[in-house]
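Next up: just one chain, as structure tokens, the form predicted alone.
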């Protein structure tokens, strides 16, 4: 008797379909310039990695054995957590960089406004 598969075939098809839809959604956002290619790179790479794991679930067994995790589904949850954590960190880095740029622009605008007011008073 062969061992039971890690992912039930229906679950595997569902996971592949969801990941393909996510890849398509990210590609569509990039094409519409709603998401930069740089920001989408982590989404594309991590979703592609998830797709590989969904297509070849035995990789999950090897990965869990490598890390000493007894139940492969726990390794899947750990990978999902790392997936979300990585994407969340990348989003926070992008937000932080944007906030810094906005603050600098506001400061430059205030300096230029002060210079303009000074020139108007002299002139």
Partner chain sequence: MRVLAIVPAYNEARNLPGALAALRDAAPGCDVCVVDDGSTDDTAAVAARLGAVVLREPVNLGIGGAVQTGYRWAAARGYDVAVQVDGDGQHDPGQLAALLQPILRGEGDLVIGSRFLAGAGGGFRSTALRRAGIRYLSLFLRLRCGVLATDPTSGFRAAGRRAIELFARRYPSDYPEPEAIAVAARAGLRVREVPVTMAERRHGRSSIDAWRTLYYLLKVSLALLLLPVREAAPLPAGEPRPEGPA
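Numbering follows the first chain given and starts at 1. Note that this is a predicted model, so its numbers are computed, not measured.
Only in words, not in the display: the form predicted together with its partner chain, which the text now covers.
Asker: Report yes if any heavy atom of residue 17 sits within 4.5 Å of a heavy atom of its partner chain in the predicted complex; otherwise report no.
Answerer: Answer no; every heavy atom of residue 17 is more than 4.5 Å from its partner chain in the predicted complex.
Asker: Quick one: is residue 10 in contact with its partner chain in the predicted complex, heavy atoms, 4.5 Å cut-off?
Answerer: No, residue 10 stays farther than 4.5 Å from its partner chain in the predicted complex.
Asker: Might residue 21 be said to contact its partner chain in the predicted complex, defining contact as any heavy atom within 4.5 Å?
Answerer: Output for residue 21 is no: heavy atoms all beyond 4.5 Å of its partner chain.
Asker: Would its partner chain be touched by all three of 103, 111 and 117 in the predicted complex, meaning a heavy atom each within 4.5 Å?
Answerer: Yes: each residue has a heavy atom within 4.5 Å of the partner.
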